[in-house]
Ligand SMILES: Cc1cc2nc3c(=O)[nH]c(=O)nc-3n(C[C@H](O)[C@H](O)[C@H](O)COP(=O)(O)OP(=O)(O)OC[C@H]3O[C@@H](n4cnc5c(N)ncnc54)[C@H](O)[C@@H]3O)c2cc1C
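The chain below stands alone, shown as structure tokens; this is the form predicted on its own.
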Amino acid sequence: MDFSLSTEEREVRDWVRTFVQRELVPREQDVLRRERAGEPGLTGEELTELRLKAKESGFWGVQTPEEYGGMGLSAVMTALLEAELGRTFVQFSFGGSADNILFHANEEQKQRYLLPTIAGERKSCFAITEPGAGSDAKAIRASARKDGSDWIINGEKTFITGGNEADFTMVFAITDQEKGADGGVTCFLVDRDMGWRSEYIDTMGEWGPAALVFEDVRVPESQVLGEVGQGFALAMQWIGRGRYLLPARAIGSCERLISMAIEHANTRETFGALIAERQAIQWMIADSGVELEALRWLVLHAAWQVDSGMDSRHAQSVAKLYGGTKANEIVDRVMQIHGGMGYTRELPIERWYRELRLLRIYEGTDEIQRRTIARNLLKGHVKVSGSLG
């Protein structure tokens, strides 16, 4: 087996690492100051400026097909890129992307939604989660009833990423109560000016999701994405678009955090010796290093399966479960190594502590990943001997 990166993969990784170090890391103190004042870390103007600067070097539409002006990167290369972006807590993503299910739009919808989103002229959000339907996505209650040639949507969505900024949403609603999720859910493209509103949800982290409220929102038949009744399949395609990318970003966070712990251990003295000489500290750093390497290969293995055309769902669940639990253990150890200073806001450790905690909840909780992994093993869908033959 050859575990080395190709020349292209190394070049992509190194360019993004340099971009992060030059453009994002120097902004960290300003971002922390703004977040503590209740302001966005990066303003819309700053984010656009950074994205355009990256575009000048060809970094635009990382996974967007080349026919739409994107880079069309492989899953492995995208994972490497996300790991580099994870080296800073400054929330940044490259421009030129759109939700994968938008590529199912018809030609008229592509002109109104897909192409403007790729160009950065429009902002979307994906709305399926409800107060009573989180991990159990099939339990959605938002409804859409036919009224002539229109649909009338009622219901509430919650914890919607980007919902406060979006000017249109992909919202999922029951259109046939008898069929339910299996043939009775439809996805609609709904502009904000059609009548829905968003309400900010305050969280312990800097992720500011929204609740979306639909009260008799009227949309024409032309706003159906895909086919009537086939929305749940689209929703699962969106959710499964790449769970490996979430723990991929955690790789970079853990690399940076462990480096901070090593530097502190090699400079901090107690009782006349560096704490790096204390076995308790050595073991925390050793365990963190081992877990980081395991996470790296779990993520890359899941991405490799995607590129190979294999069913990668099980591998992605393994990577996300391991990444969520171990990233939280690592940031906790790093805080412990720094002692009281690690708990203060003078260092960014507490910021990462809050951010990484979310990894165990969104896009499939730890419990859902364990349920999936256990079911696959118990029913024989996956063998404990692995997938390498």
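All residue numbers refer to positions in the sequence shown, first residue = 1. The model shown is predicted, which means the values in this text are computed figures rather than measured ones.
Below: the form predicted in complex with this ligand, not depicted.
Put simply, I160 is close to this ligand in the predicted bound form: some heavy atom of it is within 4.5 Å. Although the partner is absent from this view, T78 stays clear of this ligand in the predicted bound form, with no non-hydrogen atom inside 4.5 angstroms. At a distance threshold of 4.5 angstroms between non-hydrogen atoms, F103 is out of contact with this ligand in the predicted bound form. Shown alone here, E367 lies within 4.5 Å of this ligand in the predicted bound form, counting heavy atoms only. Of the residues given (F188, Y244, F126, F214), F126 alone sits with a heavy atom within 4.5 Å of this ligand in the predicted bound form. When this ligand is considered in the predicted bound form, only one residue from R10, H381, R371, R17 comes within 4.5 Å through any heavy atom, namely R371. The candidate stretches are 201-209, 111-119, 246-254, 283-291, and the one lying within 4.5 Å of this ligand in the predicted bound form by heavy atoms is 201-209.
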